[in-house]
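One chain comes next, on its own, written out as structure tokens in the form predicted on its own.
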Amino acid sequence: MTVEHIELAPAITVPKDWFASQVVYQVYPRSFADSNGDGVGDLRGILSKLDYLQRLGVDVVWLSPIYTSPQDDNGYDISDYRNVDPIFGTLADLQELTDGLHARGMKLVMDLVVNHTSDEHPWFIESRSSKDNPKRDWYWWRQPRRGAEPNNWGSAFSGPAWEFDQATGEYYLHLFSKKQPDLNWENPEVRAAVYEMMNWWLDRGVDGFRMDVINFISKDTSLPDGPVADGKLFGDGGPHFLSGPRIHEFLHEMNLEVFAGRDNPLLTVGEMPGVTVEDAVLFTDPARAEVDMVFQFEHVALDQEDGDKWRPKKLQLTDLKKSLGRWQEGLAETGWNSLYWGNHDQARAVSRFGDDSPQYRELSAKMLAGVLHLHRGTPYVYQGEELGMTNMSFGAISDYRDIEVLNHHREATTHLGHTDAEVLAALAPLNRDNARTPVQWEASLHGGFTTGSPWIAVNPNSSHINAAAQIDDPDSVFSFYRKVIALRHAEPVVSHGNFTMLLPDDANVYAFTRSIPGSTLLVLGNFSGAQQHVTLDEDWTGAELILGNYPSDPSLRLRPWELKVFRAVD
């Protein structure tokens, strides 16, 4: 018997920066789409919208936590890493979702929450059972100091970062809710268990992880006190756990134990509050094998006094340009940027950075999309952003659901002497529930999100801001997002070009160029409701206008909230 010679197709080599041309879409499951009428979004609801996501043109779907959880912090308190909470569905539903995304050419990224677990996780239940339990050292347990907390750190959700356990007479550390005890990454058994769990998910077809507050996992083991700012009850522990002493070691070890050697390209992004440009270069340098990109928070703190979200202030465009420009420059040669206006922890982009009035909402939503997506980096779209969804108006504290808001309101009114009206006014612009109201699918009751009673109220403007009204409208915000995403896919200059900031001192106009040999784009965005006349050093006369949010006008005059993208003509 003779064996015919079969010529094998050459192996497909995926570039290390394959994600440069990709766009990620974040789904916050409980607010995306409800399939069974219980008022909470679920996996089958997401499955019903896969064609919508494909039509939008996104490449990756990042799924906020759907693991088994008591839901103290909307799923960021996990009690079983290897199962789906029944409110969202089943493992079979998740596998169907994974397969459905892959069939449409999209990837699935899961949320990885391993700085802490739920206090109902079996690991913690064992850990707190006795001082000599083998898992006692899986968490941060400490003796009282002078009859009180081991140090002065405050929780991100108000109150102290320590909770006393009556049974064993010690405190455990929780940087967030008291139902979210911090894992002790100094213990190699903890790290091994986390890596095993991550590999289990990758083996099931997951394509990567967004890693929640991952730069918190390495703490100064002496747990020293933090500085106490004026008007604060507790110390800031950040200097002792933000990008702590062993963080690079831990992330490199994770990369070796989980991601190295796998054939399919995976995406890893680390959410890193307090990260600096210099830190990010190290974290995202491919040669160091840690993560692909980081979420930094510098630009979303610019409208807050001293970084305090409950003390909002007016954003200055010059500050925004200085910040984002510095990140573009800092990661130009090594590393990679993530690009975002909003997510489940931030207010709605059009209400925060644009103008959500009826006159300018659509224009400013489109302008924001163009400016962000044409930077160098990987853009993230938060659900509803592509529709121009706005902040919600919450009338009373009882309308809120977020533990961060509820705890702050209680602390501010009970211990800091603020009135209910003062606290509600401070909460309104930047609270997280602004982004967590359900996606507005149509003009029907509850915006088409559910046939039941929604877990949080739907924004009343769903009657005119909704997907059904926009999908087939060529002038809608949705259709504009499709154009911007398509431009990144089609143009190497968008995914790989150099970035040069222009007009850094202009208080109203955001201007920059993207360039590679043979191709240069000029991006102009008017961040104001007044007409602006742009003067540039280079002559752009005769340049081709390739994208805009107004009827075509090839001049450098910008109408209110106008976006113009020009291509240089050789």
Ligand code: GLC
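A quick note: this is a predicted structure, and the numbers were derived from the prediction, not measured. Residue numbers run from 1 along the displayed sequence.
Note that the form predicted together with alpha-D-glucopyranose isn't included here; everything after this is about it.
Enquirer: Would you check, heavy atoms only and a 4.5 Å threshold, whether H409 touches alpha-D-glucopyranose in the model of the complex?
Expert: H409: no, not in contact with alpha-D-glucopyranose in the model of the complex.
Enquirer: Would H344 count as touching alpha-D-glucopyranose in the model of the complex under a 4.5 Å heavy atom rule?
Expert: Contact with alpha-D-glucopyranose, yes.
Enquirer: Does at least one non-hydrogen atom of T450 fall within 4.5 angstroms of alpha-D-glucopyranose in the model of the complex?
Expert: No, T450 stays farther than 4.5 Å from alpha-D-glucopyranose in the model of the complex.
Enquirer: With a 4.5 Å heavy atom cut-off, would you call Y76 a contact of alpha-D-glucopyranose in the model of the complex?
Expert: Yes, Y76 is a contact residue.
Enquirer: Just one of 112 to 120, 457 to 465, 94 to 102, 328 to 336 has residues with a heavy atom within 4.5 Å of alpha-D-glucopyranose in the model of the complex, so point it out.
Expert: Of the stretches listed, the one contacting the partner is 112 to 120.
Enquirer: alpha-D-glucopyranose isn't shown here, but in the model of the complex which of F157, W441, F234, F209 has a heavy atom within 4.5 Å of it?
Expert: The residue in contact is F157.
Enquirer: Go through E385, D433, E271, D292 and name the one with a heavy atom inside 4.5 Å of alpha-D-glucopyranose in the model of the complex.
Expert: When alpha-D-glucopyranose is considered in the model of the complex, the option within 4.5 Å is E271.
Enquirer: Considering only 177 to 207, what residues come within 4.5 Å of alpha-D-glucopyranose in the model of the complex, judged by heavy atoms?
Expert: Going through 177 to 207 in order - heavy atoms within 4.5 Å of alpha-D-glucopyranose in the model of the complex - there is one hit, Q180.
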